[in-house]
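Given as structure tokens, the chain that follows is alone and in the form predicted on its own.
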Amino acid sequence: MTRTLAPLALVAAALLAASCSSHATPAPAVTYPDKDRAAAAQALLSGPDWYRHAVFYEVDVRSFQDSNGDGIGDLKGLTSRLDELKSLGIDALWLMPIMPTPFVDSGYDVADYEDVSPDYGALGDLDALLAAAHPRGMRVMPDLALTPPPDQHAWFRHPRPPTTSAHADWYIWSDTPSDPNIGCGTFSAQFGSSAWQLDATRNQYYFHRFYAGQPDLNYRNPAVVKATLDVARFWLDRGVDGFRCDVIGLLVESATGCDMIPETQDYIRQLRAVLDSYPNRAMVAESTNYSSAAAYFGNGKDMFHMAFNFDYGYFWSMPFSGTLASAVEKPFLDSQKLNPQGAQDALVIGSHDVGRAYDAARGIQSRWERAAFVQMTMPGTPYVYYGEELALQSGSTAVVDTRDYARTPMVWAKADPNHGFTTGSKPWIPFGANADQTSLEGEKGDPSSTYSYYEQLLAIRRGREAFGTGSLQVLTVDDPSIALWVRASSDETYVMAMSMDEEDAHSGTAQGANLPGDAELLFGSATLTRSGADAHVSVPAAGYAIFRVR
């Protein structure tokens, strides 16, 4: 796949037009006056709407960079790699859980909400990370798993004998393994067949949606609400820039509802009010509704700033295994219809839960490239999973569960047996497949590498308001294999073209497109020409392109 930017791409596009389309003619040599993109990016990434224009990077601290040779990544290691991330074009970090944990649920079982796990360092190391990131213009957003903490947490240990203690009703207790006021089971089969676990010390059953050692907090207790909101204040006071909130829709249960019931939404509004009392903070929700995250936005201003669009993030591999452009466009059109004004989708193509994009694409390079192309140019804030920019492949070792296959160590160096991740004898989990072929050292500077693809794509997005907050118009092409969409801000308009066919080139016409100007090719390889109100497009097999038309 040719990844050269204009002007070489213009030559390729002209040749393509001659061979692929009876409509298309060589693209005119149009060039629009450009802005100072660095200054534009700085302006867009400042103020309360910074998150709409940022590119996030999800980091599993445990697997990113080990600084002390114990085989486990840590905060000092992450801090030492900030310049590499900044060079790639990353504006913000989402940190998987860094708090103390028994690690039964990979850190999402938080044993102390106001400390850092010794595996990753200490609170001072987080302070140092923030002090290094912020001057670089990089934000830091840790995971906040407000439910459920493990049974080792002090809040759970206190209420057992006696039941009259201060924490007696901080959890959900029953004399029997059921409760008529709760109609919920465990969240998935891996967490057991019963949501009720006998506590022999108290001689009662507690409710759990996840592992049996993770009793659910009772969010109908005002003391629990206050304590957890104080946890958010603790981290905000230290300078974090917001939170990614894990399965927050499951905080409160009832006899008739288990997900985002009114009490849960009321809590989220209180959490949002806490964030709004600090300048320029943001939070993103892990939705448990894979078809729409609209419920997480409230009126667009009183709940989450962002929520993951899993209709695309979890299922993008299905439309990319076919040839219909409408299947890729649908999740974004649905968001336009369902989300309130002010809502912002968060977009992934891989994560610690979803797995590696490489695997979702079945190792077909053009698929994960086009999936990332959509992620970076459709409405929403992109989140790059660490190593995705290198096309990291999955491993085959599970320490906690099979999701560990996608949580293998970052590959920095090519020849080093431990690939620059650790100076110790071995990492906490083995590297993924073909690690020698997916190192930063090996890919950086190689124009044909996945890293170079990401580097160029992020550079095109950077400092262009249209991609962060611009409008979306999906154009209908008379060839159903061609996706064509328009992003526009007040003073700039961009057109994206993409082919779903991996075998053959395609050409088509979008009638009534009414593009405001001729096309300047910025990225990729395709042609786009105007004929009155119509637009003619030609795209190579599995191709993509970004054009500026105003």
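Just so we're clear, the structure is a prediction, and the values are computed from it rather than from any experiment. One-based numbering along the sequence shown.
Although it is not shown, the form predicted together with 1-deoxynojirimycin is what the next lines describe.
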Candidate site Gln214, Val247 and Asp353: all three near 1-deoxynojirimycin in the predicted complex by heavy atom within 4.5 Å: yes
Any non-hydrogen atom of Pro148 within 4.5 angstroms of 1-deoxynojirimycin in the predicted complex: yes
1-deoxynojirimycin contact in the predicted complex: Arg403, any heavy atom under 4.5 Å: yes
4.5 Å heavy atom contact, Tyr120 to 1-deoxynojirimycin in the predicted complex: no
4.5 angstroms heavy atom contact with 1-deoxynojirimycin in the predicted complex for Tyr312: no
Region of this chain that lies against 1-deoxynojirimycin in the predicted complex, out of 449-457, 421-429, 385-393, 104-112 [heavy atom, 4.5 Å]: 104-112
In the predicted complex, the residue from Phe332, Phe156, Phe210, Phe373 that sits within 4.5 Å of 1-deoxynojirimycin by heavy atoms: Phe210
Partner-contacting position among Asp74, Glu369, Glu286, Glu465 - heavy atom within 4.5 Å of 1-deoxynojirimycin in the predicted complex: Glu286
